[in-house]
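This document opens with one chain alone, in C-alpha cells, the form predicted alone.
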C-alpha cells in the first residue's frame, strides 16, 4: 500500500512584479514528499530554492503571482504554520528575537499551538534545549540569543521549529556560515530529530556534500525549473542532466582539492526571456545542440523521479 504524500506540488509557478518585465522565480515545478522522507533541493543562488520553500511555508509576499497548486494530502487540510510546518532559516541571529530569552521564544510556540501554560512551556523549553545539545539548559533558558555562539543559535532555532511537533520541517541553508565541524553536527541533529519525530524534512542547500549526508532524494533546480529529481544515491553517482552532472563534478573537485575543475559550469545564467524559448541551461551547457535552443525539454518522469533534458530522453 502506497503512502499518501505529505506534500504535493503540481505545476507550481511563481512570478514577482518587476520592470521591465515580471521575474519568473519558479516555473511549473512538480514534486512530492512522503511522510518521514528527507528531500534536499540543490542549485546555485537564484535557482528558486528559497522561493519554493517560502511558498510551502506560506510566507511569500502578497504581490507574488502564484499558479499551480501546493497541497498537503496527508493532512487533509491547509497546514498551520508553526504547528504542522516548522521553519529553520539561514541566519539564526536575524531570525531570533534579540530582546526575548530563548526560553520565551520556544515557549511562545507551545503556548500558541499546544495551549500550554507559560510555566509548562518554560519547562518544555528546557527539555528542548537539552534535546538540541545546549549545555546547562536550566541555566541558559533565560539567556537572550546574543549570549550563544552561531552554532548554538542555530540549535535554538531548530528547537523553536520542532517545538510543536510539526509533520514537515523546512530548512533554508541551515549550515551556511558555520564551520565544517559545526555543519556536520547541525546536519546530524536535524537528521536525528526528524527520524525521532517521524517528520518529513525539506532542506535547501547549494552544497552537494550537505545533500549527500542527509538526503533520501535530491531535486535539482535551475533558473526556477526542476531539471532532475531522484534517489540521492543515483543523482550523486549517475546524474542524467548536464547541470546535475556539473554540480556533482564540482563537489568532487572540491572534495579532492582540485580547484582547476571549478570551471565546469561555464559563464553565468542567460536572460530569462531567452531561456524561455528553449532549455534554460542551454546557454551554459557544453552539450547543447540546435534543438536545445528552440524547444524546451519536457519533464520525463513523475513527481518523485525524472529529468528534463533532450539528451537524457531519446
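In this text, all values refer to a predicted model and were calculated from it rather than measured experimentally. Residue numbers count along the first chain shown, from 1.
The following text describes the form predicted together with a small molecule, which does not appear among the structures shown.
- Task: Using heavy atoms only and a 4.5 Å cut-off, decide whether all three of 16, 51 and 61 touch the small molecule in the predicted complex.
- Result: Checking in the predicted complex: 16, 51 and 61 are all within 4.5 Å of the small molecule.
- Considering only heavy atoms, tell me if residue 25 and the small molecule come within 4.5 Å of each other in the predicted complex. Yes - in the predicted complex, heavy atoms of residue 25 and the small molecule come within 4.5 Å of each other.
- Residue contact check: residue 283 to the small molecule in the predicted complex, 4.5 Å heavy atom: Judged by the heavy-atom cut-off of 4.5 Å, residue 283 is well away from the small molecule in the predicted complex.
- Message: Taking the small molecule as it sits in the predicted complex, is residue 46 in contact with it (heavy atom to heavy atom, 4.5 Å or less)?
- Response: Yes, contact at 4.5 Å.
- Is residue 140 close enough to touch the small molecule in the predicted complex, meaning at least one heavy atom pair within 4.5 Å? Although the small molecule is absent here, residue 140 would stay clear of it in the predicted complex, with no heavy atoms inside 4.5 Å.
- Message: Looking at 285-293, 65-73, 249-257, 38-46, which stretch has residues with any non-hydrogen atom within 4.5 Å of the small molecule in the predicted complex?
- Response: It is the stretch 38-46.
- Message: Counting any non-hydrogen atom inside 4.5 Å, which residue from 206, 213, 113, 234 sits next to the small molecule in the predicted complex?
- Response: Partner contact (heavy atom, 4.5 Å) among the options: 206.
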